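Next comes just one chain, in structure tokens: the form predicted on its own.
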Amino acid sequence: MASPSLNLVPFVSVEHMMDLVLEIGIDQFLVELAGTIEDDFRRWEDFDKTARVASHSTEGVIELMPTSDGRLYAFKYVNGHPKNTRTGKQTVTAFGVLADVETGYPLLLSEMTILTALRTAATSAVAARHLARPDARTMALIGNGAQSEFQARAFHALLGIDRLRLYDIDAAATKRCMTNLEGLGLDIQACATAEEAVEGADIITTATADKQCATILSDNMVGPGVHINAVGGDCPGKTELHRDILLRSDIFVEYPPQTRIEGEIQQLDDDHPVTELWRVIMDQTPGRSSDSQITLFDSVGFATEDFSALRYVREKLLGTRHFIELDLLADPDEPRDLYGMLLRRQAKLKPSQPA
């Protein structure tokens, strides 16, 4: 997919991304993306790692998420503004860049609003494959917003989850989720309360959007053997689980320095023991050790997952038309003559046009 000119950078628009996902198939895309994410977790030590750079306001947060494996560099711009839904806007929007470390030249510019939803769901399913009971088939999905269908599809495709119990404070959101998931062979039940939703669930996914500390799950709602996939707590001052649940659980995280600031474990002491997910994937440390164990994936999203998503998309673009080329870089024939490039452009303008 190399551009004929160095100034041209492939750009994947929202429409391109949707067409690429649908051409591959949503489930197949999630399965393959999960494989790429897991592959990159297996080479965790190759990556530069830093907690995301966040700019917080009373309205939300804007973040940059960078990482590099020494050959490729990636970053994502992403926001989180829960109040946006009141004016018909997305809570989360994002775009990302993949670049060549050797030259610094961008290799790909892509929308990542849809791609982030896919990679978040794929990462959740990767974690659950290592942490949930192998016989898990029922998932409670609390918070039926923009992430919910992606989570359901990922857990269905990668873990064989076939029963969903849905709850949201907005009944219309639950109805939309049920409608969107029709025809997939899932047994879906709309529940009147969160307590009803978690009854009999093997996996509990929480994915709410309010920018505050909340108690979506109380301690009495979580029984032995459950795997909790906590997605919604992803910034300082925003959590979903009662602290007592954390104290009863074995907690698994992506990158502790970031999760201790943003995740559920911001409620705990800084030295509370947690296990890094990559160590479980690499068989360096146990994940689930018994059927009665409560496991918690404190998911906040980490830059390596976005790196994996961009890397995967770039590979899948080969031989397709699901991108355009942007004249993004000033790349004169003589690299030192950037000013001359401007003069040559001036010479092409009509005499009546001001320089």
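If you're wondering where the values come from, they're calculated on a predicted model, not measured in any experiment. The first residue of the shown sequence is 1; numbering continues from there.
What comes next is about the form predicted in complex with another copy of the chain, which is not displayed.
In plain terms, the part of the chain that comes close to another copy of the chain in the predicted bound form, with a heavy atom within 4.5 Å, is 143-151 out of 143-151, 259-267, 217-225, 193-201. When you look in the predicted bound form, the only residue of Val253, Ala94, Ile281, Leu246 with a non-hydrogen atom within 4.5 Å of another copy of the chain is Ala94. Although the partner is absent here, Ser289 lies well away from another copy of the chain in the predicted bound form, with no heavy atom inside 4.5 Å.
Residue contact with another copy of the chain in the predicted bound form: Gly35 places no heavy atom within 4.5 Å of it. By the criterion of a heavy atom within 4.5 Å, His242 is excluded from the residues contacting another copy of the chain in the predicted bound form. Among heavy atoms of Arg176, some come within 4.5 Å of another copy of the chain in the predicted bound form. Shown here without another copy of the chain, the chain has Val53, Ser55, Ser57, Glu59, Ile62, Leu64, Pro66, Ser68 in 51-69 lying with a heavy atom within 4.5 Å of that partner in the predicted bound form.
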